[in-house]
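Take a look at this single chain, the form predicted alone, given in structure tokens.
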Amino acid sequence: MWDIAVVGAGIGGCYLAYRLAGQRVALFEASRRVGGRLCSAPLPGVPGAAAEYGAMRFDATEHVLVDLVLHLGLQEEVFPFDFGRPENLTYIRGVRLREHQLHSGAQTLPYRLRPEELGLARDGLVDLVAERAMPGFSAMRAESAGCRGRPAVLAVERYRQARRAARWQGRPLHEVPWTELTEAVLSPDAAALLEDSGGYDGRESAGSAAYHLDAMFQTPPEGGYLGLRCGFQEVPRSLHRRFTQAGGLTFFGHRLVRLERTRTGGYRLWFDGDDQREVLARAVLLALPAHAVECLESKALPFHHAAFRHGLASLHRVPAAKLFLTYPVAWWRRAGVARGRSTSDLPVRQLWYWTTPDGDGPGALLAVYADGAAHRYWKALADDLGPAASRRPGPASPRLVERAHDMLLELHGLTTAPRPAASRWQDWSGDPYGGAWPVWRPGYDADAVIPVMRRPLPGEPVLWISDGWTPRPGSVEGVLEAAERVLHEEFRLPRPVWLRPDAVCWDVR
């Protein structure tokens, strides 16, 4: 019997296994790799390009993740991750604009905005909605971004109390859809501008107003993003190597199908995959996405609890996919762009100039990053190749590549460009993930739901550490904070020596 069974070798499972190394702990993974939705891979024909098929960036205020990157010796791999640059393009309603034009309030915007909305563009319009929903939000956000240590902790707590107390038409903000707020505060064309230029499907990705405000608050208004040249997946890989070096064992090809109590104490885990395997453990840490838990047999623990079934419905898993295209030459330089992100109301929605080597060498684009309705458009084309294997990126269908290439030319205002040399497509909506990232649905109070989902069997050592039921859903930082909380409360592990003493963690309740 194992002391601890960790199920799932994504970032959460690898971190838990690493921190628990030295005990009788085993790590079980359904696939043949570690990382989960942290998935990095080279692109054919573009040396040095680590394409990120899943999560690809983080910011410096994510203290646990940043300190972990330093602890793992990856500091030389960190680089500034460009977001919107002045020369990047926004192609909306048939009008091609540079980012600086979008933010200048120029009358060339193809939208009829109110006088107070001119010049606000995306960020300003979002700030306007946030301030109307929660007066003082912008000041609280700026205060939190400008302090460290205990003052930062107090600033976060003041914000959380104010957000819980805020009401919109008599309702707490966790009951209000963010889209309802935007449509009530903004003119119809301003709301359309947000949707068309934002790069995401707001109706599927925005979630509740409380979730959206929390996500905004957690991201500094002037903060920049960071990436890893070696690929984000190197974080769980490094953790897994250290776990293995400490004598830990990993069992790949093991998909959990059932979990039940034993009569003599502990738990029996049934795995399917390379072979049928029964495993006994005294404690179980489920480091799995929600969809993988939903796929367990119905008689598995803990589905008979009504509160747990209620919690399962609290998150919407956003369907999303990415398409990378490589080219013999970085032709988009002719349009005056080389880095950052461009957006459009075309089904492409957002694209990233993932790597653009100097000179006339090959280049690559994250050519399509689509969620919601745009994801369904591309998925229909991807299905030309038959059922997609969601666990591993692969070449896209010829029709999908052709459509994407034509849209890229339209977005950049060009008529000709070399054809793509290679493609890589990844759809996160299939098994075992069920979506690319989770958002809180309106009507669910995270403070009430998270404790139930974290420990679905009250008083028992079966805990679920996922990227969903955290105050930072969908983020690596949220998973790490949740894991640290469980390790401290359940296993009495001390705070890691490498974590800065003034770290600000949201997973405090």
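Predicted, not measured: the structure shown is a model, and the values here were computed from it. All residue numbers refer to positions in the sequence shown, first residue = 1.
Omitted from view is the form predicted in complex with a small molecule, to which the following refers.
The stretch that touches the small molecule in the model of the complex, counting heavy atoms within 4.5 Å, is 5-13, out of 18-26, 497-505, 5-13, 484-492.
This chain is displayed alone, yet in the model of the complex one of Pro442, Gly474, Pro471, Pro456 has a heavy atom within 4.5 Å of the small molecule; that residue is Gly474.
Residue in contact with the small molecule in the model of the complex (any heavy atom within 4.5 Å), chosen from Gly199, Gly207, Gly363, Pro289: Pro289.
Taking non-hydrogen atoms only, Val46 never approaches the small molecule to within 4.5 angstroms in the model of the complex.
Taking the partner from the other structure, the small molecule in the model of the complex has a heavy atom within 4.5 Å of a heavy atom of Ser466. In the model of the complex, the small molecule stays beyond 4.5 Å of every heavy atom belonging to Thr61.
Using a 4.5 Å cutoff between non-hydrogen atoms, His405 does not count as a contact of the small molecule in the model of the complex.
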